[in-house]
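Below, in structure tokens: the form predicted on its own, a single chain.
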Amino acid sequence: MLLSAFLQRGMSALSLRYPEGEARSILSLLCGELLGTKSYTHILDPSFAVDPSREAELEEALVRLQEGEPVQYVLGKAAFFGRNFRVGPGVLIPRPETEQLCEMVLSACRETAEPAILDLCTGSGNIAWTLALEHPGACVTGVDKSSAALEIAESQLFSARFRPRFVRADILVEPDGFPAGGFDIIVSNPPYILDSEREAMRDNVLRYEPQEALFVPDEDPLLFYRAVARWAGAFLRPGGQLFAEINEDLGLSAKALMEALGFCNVLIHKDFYGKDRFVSCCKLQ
């Protein structure tokens, strides 16, 4: 089977679900991972043939993609902060915007040799692992209520030396299990998409990614931010910092909440699309 023929058939199969450019990117990623090809291989070498031993795997992957399964789940991994993280239906696929959240935290703790960092709603552990690996002196703990998510977070194949600790806990329950004032930084990317926003979301997200990690009720959109604030109040040291990813439409509401709960230096930060995407604040000294 020629690579060019597979790509042509793949574009036809995915065209009903994805825009042309995105379909092409998905197929390029798939073939790059499974065959080691480049996006231009079929152009430079029109006679390039797929190894017969990989044809069945490639065809099975195309069927899954055509049904709407995200390419990251098909491949079992997703790129984040220059590394490939194991992902599956039990965890969200890391988004590029969240890399900015990690950069903010790393910048905040650059001058601290051994910062203690707590990552709430850790999911795949992409934030916890990134912070631990990018700041080798950091002591990072990731928390999630999902056993499936924690299994994936624990299984990430990175350094054993700088490995985060992962703990099962529900942040909507009263804070417990950690020393008071034991963390310099708390970071979180909690659920923040409103139930009413489901209609605007793609079918492949709704069908495959964990709903409990995405959505909050319209009548209580700041549910998880109050919980994060409670945990920060209990476990953040005086003067410690809190960083959280937010719904782009809830920036002012999230800021007002943190100010009302007694945090200082509350700031809203925009993502690279110019949207309100993060809130940061400090615990009073």
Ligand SMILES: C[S@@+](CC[C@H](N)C(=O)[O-])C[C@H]1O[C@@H](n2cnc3c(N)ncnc32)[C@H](O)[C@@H]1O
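All values reported here derive from a predicted model rather than from experimental measurement. Quick note: we count residues from 1 along the sequence shown, nothing fancier.
Not pictured, yet referred to below: the form predicted in complex with this ligand.
Classify residue 169 as contacting or not contacting this ligand in the predicted bound form by the rule of any non-hydrogen atom within 4.5 angstroms, answering yes or no.
Yes, residue 169 lies within 4.5 Å of this ligand in the predicted bound form.
Can you check whether residue 115 is within 4.5 Å of this ligand in the predicted bound form, heavy atom basis?
Answer no; every heavy atom of residue 115 is more than 4.5 Å from this ligand in the predicted bound form.
Do residue 123 and this ligand come within 4.5 Å of each other in the predicted bound form, heavy atoms counted?
Yes, contact at 4.5 Å.
Is residue 156 close to this ligand in the predicted bound form, meaning a heavy atom pair under 4.5 Å apart or at it?
Looking in the predicted bound form, residue contacts with this ligand do not include residue 156, since no heavy atom lies within 4.5 Å.
Counting only non-hydrogen atoms, which stretch in 68 to 76, 93 to 101, 156 to 164, 174 to 182 is within 4.5 Å of this ligand in the predicted bound form?
Stretch with heavy atoms near the partner: 93 to 101.
State the residue from 199, 111, 212, 203 whose non-hydrogen atoms include one within 4.5 Å of this ligand in the predicted bound form.
It is 212 that has a heavy atom within 4.5 Å of the partner.
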